[in-house]
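This document starts with one chain, in the form predicted alone, laid out as structure tokens.
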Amino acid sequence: MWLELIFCFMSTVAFGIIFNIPLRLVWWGGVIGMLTWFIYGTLPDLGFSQVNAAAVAAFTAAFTAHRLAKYKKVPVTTFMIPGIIPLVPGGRAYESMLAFVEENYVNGLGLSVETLLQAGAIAGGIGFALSLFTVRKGAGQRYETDR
């Protein structure tokens, strides 16, 4: 698990560099990505499904990104994008498309459903964390600061 966390940190930092995150902040994105991967890898061992683990990990990444962005006074996406990179089900999406190309439609459909459920869980976790930070302000105050 330690080796996975080290590689996850390095790949998350690399994606942060690709997305032009300032170098003084890219390490924080790596830490959030590493935390996300740790949660996503640990929860299935405790009896959670992959979809539930993805939702909890995405919520943790988004919540941590919001708190850190407020502390560092930078946009939330600076930390949220690298934080959810380890959760993106790219390998499973590839396997589902490969199954369809090989005319294994039942397996491809099952993998596609798992991929969409995991992507929806990631979006749900991010949305839930966002709702916690906008509940006091209201939806109208989120983007319009002059009112």
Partner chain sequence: MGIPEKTMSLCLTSGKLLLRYGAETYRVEETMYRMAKAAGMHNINTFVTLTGIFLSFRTEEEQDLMQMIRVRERYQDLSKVTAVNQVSREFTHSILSIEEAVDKLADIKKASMNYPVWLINLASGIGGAAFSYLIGDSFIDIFPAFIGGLITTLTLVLYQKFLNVKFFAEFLAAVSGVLAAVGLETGGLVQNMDQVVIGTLIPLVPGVPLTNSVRDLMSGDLMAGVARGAEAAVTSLSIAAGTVVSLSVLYF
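Here the structure is a predicted model, which is why all the values come from computation and not from measurement. Residue numbers count along the first chain shown, from 1.
Keep in mind that the form predicted together with its partner chain is missing from the display, and what follows is about it.
Trainee: Using heavy atoms only and a 4.5 Å cut-off, decide whether all three of Val74, Thr78 and Val101 touch its partner chain in the predicted bound form.
Mentor: Every residue of the candidate spot has a heavy atom within 4.5 Å of its partner chain in the predicted bound form.
Trainee: So in the predicted bound form, does any heavy atom of Ala53 sit within 4.5 Å of its partner chain?
Mentor: Ala53: no contact with its partner chain in the predicted bound form.
Trainee: Would Trp28 sit within 4.5 Å of its partner chain in the predicted bound form, counting heavy atoms only?
Mentor: Contact check for Trp28: no, nothing within 4.5 Å of its partner chain in the predicted bound form.
Trainee: For Gly47, is any heavy atom within 4.5 Å of its partner chain in the predicted bound form, or not?
Mentor: Looking in the predicted bound form, residue contacts with its partner chain do not include Gly47, since no heavy atom lies within 4.5 Å.
Trainee: Do Tyr105 and its partner chain come within 4.5 Å of each other in the predicted bound form, heavy atoms counted?
Mentor: Taking the distances in the predicted bound form, the answer for Tyr105 is no, it never comes within 4.5 Å of its partner chain.
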